[in-house]
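What follows is one chain in structure tokens, specifically the form predicted alone.
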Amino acid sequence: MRSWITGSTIAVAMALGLAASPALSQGSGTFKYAEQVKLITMDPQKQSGSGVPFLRPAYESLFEKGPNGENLPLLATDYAVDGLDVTITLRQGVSFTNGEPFNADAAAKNINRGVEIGIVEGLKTVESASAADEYTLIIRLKEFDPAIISTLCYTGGMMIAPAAMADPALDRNPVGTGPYVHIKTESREGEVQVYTPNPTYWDKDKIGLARYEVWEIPDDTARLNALKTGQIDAGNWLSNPQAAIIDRTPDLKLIRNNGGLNYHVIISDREGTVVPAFADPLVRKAMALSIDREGFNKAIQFGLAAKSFQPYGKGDWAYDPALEGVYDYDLDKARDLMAQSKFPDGFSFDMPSIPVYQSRLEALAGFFKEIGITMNIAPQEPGTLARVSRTTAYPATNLVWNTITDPKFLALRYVYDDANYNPFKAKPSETLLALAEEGLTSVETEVRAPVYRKMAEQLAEEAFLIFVTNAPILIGTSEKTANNPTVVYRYGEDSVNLRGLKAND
């Protein structure tokens, strides 16, 4: 095992803007953001899939990503990793909005609760957390984890007030250290969540709004109309007709944020417990070959994406150019593989869908039908796809993978027998297990990259993950928002950094 220590905390803090800066105007105006999924929970340790914009106003993480994806301090000020021990120095003078102090004891309770709940994938490598002293947090790992600090930049590092953890209504009553507090009396379930300035916020100069609103608008056309009419200032989109309209409308702007969303099919029942055909690699490979990714991109994603054959995007340190085209559209070959398989006459299975993915699945169903496979689309409530995908309710599912996610999460999400999206507990191949272990032995990307390229190659061979397209994270904005210098989009996220954000007017 090796260890590493951070560089100058002061330099990093200045890069994040935590050092002394001119005071921003307080309590001025309103900024309105639209989410494309329904609000499921405001409990960050129970959050999966989309919905992070609902959490960011009220909660802060121990760290956050800088403009180039670097780990920067927020509620933490420094860290050191020595083998399986992670020592984190916490910011002093911070309190939760219920008056409780933020300290190492509170942070440890958060990490331990996240480990116990088991939804946050990045905490699966954590054994436990404890307080060494008032402002020193110790996290003990089960195994060496080169991406543990990255985990603490997101929901895994969001801090909930300890007293609020016992509140059965935490999913609608967030209590954190964030710059804004949730106003339940002014929020309307299924429509809008309202936030106003946190009067005890530790860095008041970073509060620039009197009010922040997150609107819940799952319908793409309704969200587009809200943007056109000024009901919202910005919102997130998938690559769809409405995003394409934003891209070519003069007084609107489509932001292509860093990172990307890799749309893929997951064969959850890969041992054939419910659908025996899924245990046959020839069937899975035939499915991968039957997809016309170029046509899919043009017809369904309006040219805003690119075909994909692996978990990583071009330019990523783990990306393997040798895998390009490994499952390029070849209907003749796909039919031949089906003929060679144990299921030459085809079969049927059910696939869950949320409204924003309906057109995608209709296209995939058409591709699969060409090789004798009938995919029945089972509608789900918006915002519930990730949750249902963690159960055995369906033998396959479809999700997106953020291409900036550390490759270690491939194993945590899909490979291990207790992986979040391996609900049938399929036993992973020895090759994948060995590569997953090898990928955790170094923090250096030049050492890890060849390992994860081999993992992508093995995933292609086993074909229980069928990658379809990569699309950038898309945020549609008004012209005023596009010209607002205080609007900064979080690295690899579909949300705005609220620290320093001012209203457009």
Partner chain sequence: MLRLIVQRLLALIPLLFIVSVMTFSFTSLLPSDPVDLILGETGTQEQHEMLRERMGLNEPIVVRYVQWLGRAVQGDLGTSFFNSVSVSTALMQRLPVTLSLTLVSALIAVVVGVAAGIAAALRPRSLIDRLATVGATFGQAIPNFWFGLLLVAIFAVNLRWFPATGFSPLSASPVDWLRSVTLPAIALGLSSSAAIARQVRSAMVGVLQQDYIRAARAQGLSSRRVILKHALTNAMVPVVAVLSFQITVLLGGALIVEQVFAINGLGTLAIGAVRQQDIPMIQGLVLVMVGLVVVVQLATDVIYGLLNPKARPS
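Since this is a predicted model, take the numbers as computed values, not measurements. Residue numbers count along the first chain shown, from 1.
Keep in mind that the form predicted in complex with the partner chain is not shown, yet the notes after this line are about it.
Engineer: Considering the partner chain in the predicted complex, find the one stretch among 336 to 344, 219 to 227, 319 to 327, 427 to 435 with heavy atoms no farther than 4.5 Å from it.
Structural biologist: Every other range fails; the passing one is 219 to 227.
Engineer: Given that the partner is absent here, does Arg188 sit within 4.5 Å of the partner chain in the predicted complex, heavy atoms only?
Structural biologist: So Arg188 counts as contacting the partner chain.
Engineer: Tell me, yes or no, whether Asp269 is in contact with the partner chain in the predicted complex, where a contact means a heavy atom of each within 4.5 Å.
Structural biologist: Heavy-atom contact with the partner chain at 4.5 Å: absent for Asp269.
Engineer: Indicate whether Lys480 is a 4.5 Å heavy atom neighbour of the partner chain in the predicted complex.
Structural biologist: Output for Lys480 is no: heavy atoms all beyond 4.5 Å of the partner chain.
Engineer: Please run the contact check for Ala132 against the partner chain in the predicted complex: heavy atoms, 4.5 angstroms, yes or no?
Structural biologist: It does not: once the partner chain is placed as it appears in the predicted complex, Ala132 has no heavy atom within 4.5 Å of it.
Engineer: Counting any non-hydrogen atom inside 4.5 Å, which residue from Val274, Ile119, Ile404, Ile371 sits next to the partner chain in the predicted complex?
Structural biologist: That would be Ile119.
Engineer: Which pick from Arg413, Lys206, Lys109, Lys307 sits with a heavy atom within 4.5 Å of the partner chain in the predicted complex?
Structural biologist: Spelling it out, the residue with a heavy atom inside the cut-off is Arg413.
Engineer: Just to make sure I understand: among 336 to 367, which residues lie within 4.5 Å of the partner chain in the predicted complex, judging by heavy atoms?
Structural biologist: If the 4.5 Å heavy-atom criterion is applied to the partner chain in the predicted complex, 336 to 367 yields nothing.
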